[in-house]
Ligand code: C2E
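Let's start with one chain on its own, the form predicted alone, as C-alpha cells.
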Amino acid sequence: MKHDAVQPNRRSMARRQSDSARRYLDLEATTPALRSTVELAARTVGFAIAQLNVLDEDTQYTLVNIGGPPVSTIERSSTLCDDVVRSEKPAVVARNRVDATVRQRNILDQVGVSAYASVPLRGREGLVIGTLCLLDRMPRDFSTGQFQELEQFASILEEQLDLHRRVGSTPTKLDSDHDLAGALYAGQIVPWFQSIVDLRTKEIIGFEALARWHHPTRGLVSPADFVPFAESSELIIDVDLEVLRQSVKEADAWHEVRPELRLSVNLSGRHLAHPDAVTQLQSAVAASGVPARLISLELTETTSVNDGPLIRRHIEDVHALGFRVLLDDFGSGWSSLERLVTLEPDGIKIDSHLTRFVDTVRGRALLRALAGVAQDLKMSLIIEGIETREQADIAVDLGCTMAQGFLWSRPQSAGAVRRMLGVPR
C-alpha cells in the first residue's frame, strides 16, 4: 500500500515540474539578458561551454548555449542535467572533486567531457525547472569559491526567468537605457542584499538592500549606471520605494528562521522634502509583517535638499513609528559632523573610502574618533568596505562593532539569501 501511494505522488510531482518548466520556453524577448548572464558565468568560472537548460517531462531545451556545438532540444533521459533536476542537487566533476552520479560520469566519458558543473534553477512555483550547466573538454579544478559564484549566476537567471513570467513574452520597451520609469513599470528594479556582520561574534545581524536593474537586453545593471541619473530627478523616490516594498517581503521570509534579522534600505534625502514622505514609507511596508524597529532607513547623498524644518520633522515622525535612521557614506559627500546634531540620527555608516586608510596613522585616528563619538551619542556604527581579515581586526580594535564588505559577502540576489539562511521554500 505504501509503495502504491508513493508512485502516483511521484508522477504528480513530475507532471507539476513539467508544467512549470514549459512556462519558461518562450523566451525570445529576454534572450539577450539571459545570454549575457550565462556568458559571464562561463568567463568568470573559467569553463569553455555554458548552457541554460529547461527540462520538461520528456525533453531538454537549451535556451542559451555559449561555446558549445549547436543544440536546441534533446531527449531528457540521455542528458547530464536530468539527474540534477530529479535530485534537485548540484553536480560537479573536476580534478579536485567529484559529486555526481555514476550515470553522469558515464555520459561524460562517452562524450569526451572532462569537467562538468551544474546547479538547479527553480521557477516561480518553487520547482526545479532547469539548470545552469558548465562543461569543458579540458580537466579543471573547481573550488568552493567558484561553486558559490556559479550559484550566484544561477540566482540571477532565476530572477530573470521570473521577470519574464511577470511581464510576459514582450516586456515593456524602454525609450533609452535610462528609462527608469519604464523599468519600474515593468518590474525590472529589484533588491539585492549584502550582509551586515557583528564584528565581535562574526554573525550576520542583517542585510542592506541595494537596487539592481534587470535590463531586458543588458542583463543585470549596476546601480552605478543608473542611480546617479535617478538622483538627478525624483525618480529616485520611486526606485527607493520599490526596493523597500520588495525588501520587506524578503525580510518576512527571513524571519521564519531568523526573527531578529535587520533590514537596511537606502533613502534619498529627496523623500524627506516631500509632505507625504512618511505616509509613503508606511504604505510601502504595510503589506509585510516586519516591525518598524527592525528597519533602518539609510539617508543617502543628495545635494539638492537642505536640512530644513520639514526634513527634521519627518525624521522625528519616522522615529515615532519605530524606524531607525542612519547617515550613509559618513566621511564623504553630504554627511558632515553638523548633521549629527541637526538630524539626530540613530547611527552612521563609515564610507568605504575611509576604510581604505585603516592601515595608516591618520586613518586609524579618524576612525577611532568617530567610534568614540558614536559611543558617546549612543549611536550605532557600521563600517563599510571591509575586504580583508586585517581590516576587520583593526576595525574591532578601533571600537567598531558592525561591518559590511566583500570579506563576508558580495551583494546577493533574494534567492541566494534565502538559500543561505535556509528559508523553507
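Since we're looking at a predicted model, the values are computed, not measured. Each residue number is its position in the shown sequence, starting from 1.
Omitted from view is the form predicted in complex with this ligand, to which the following refers.
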| query | finding |
| --- | --- |
| 4.5 Å heavy atom contact, Gly415 and this ligand in the model of the complex | no |
| Partner contact for Ile236 in the model of the complex: this ligand, 4.5 angstroms, heavy atom | yes |
| Close approach of Ala117 to this ligand in the model of the complex, 4.5 Å, heavy atom | no |
| Contact of Val84 with this ligand in the model of the complex (heavy atom, 4.5 Å) | no |
| Residues Asp240, Asp329 and Glu384 all lining this ligand in the model of the complex, heavy atom within 4.5 Å | yes |
| Heavy atom contact within 4.5 Å of this ligand in the model of the complex, the stretch among 203-211, 70-78, 104-112, 249-257 | 203-211 |
| Residue among Gln194, Gln152, Ser288, Gln146 with a heavy atom within 4.5 Å of this ligand in the model of the complex | Gln194 |
| Ile129, Leu132, Leu267, Leu263 - the one with a heavy atom within 4.5 Å of this ligand in the model of the complex | Leu267 |
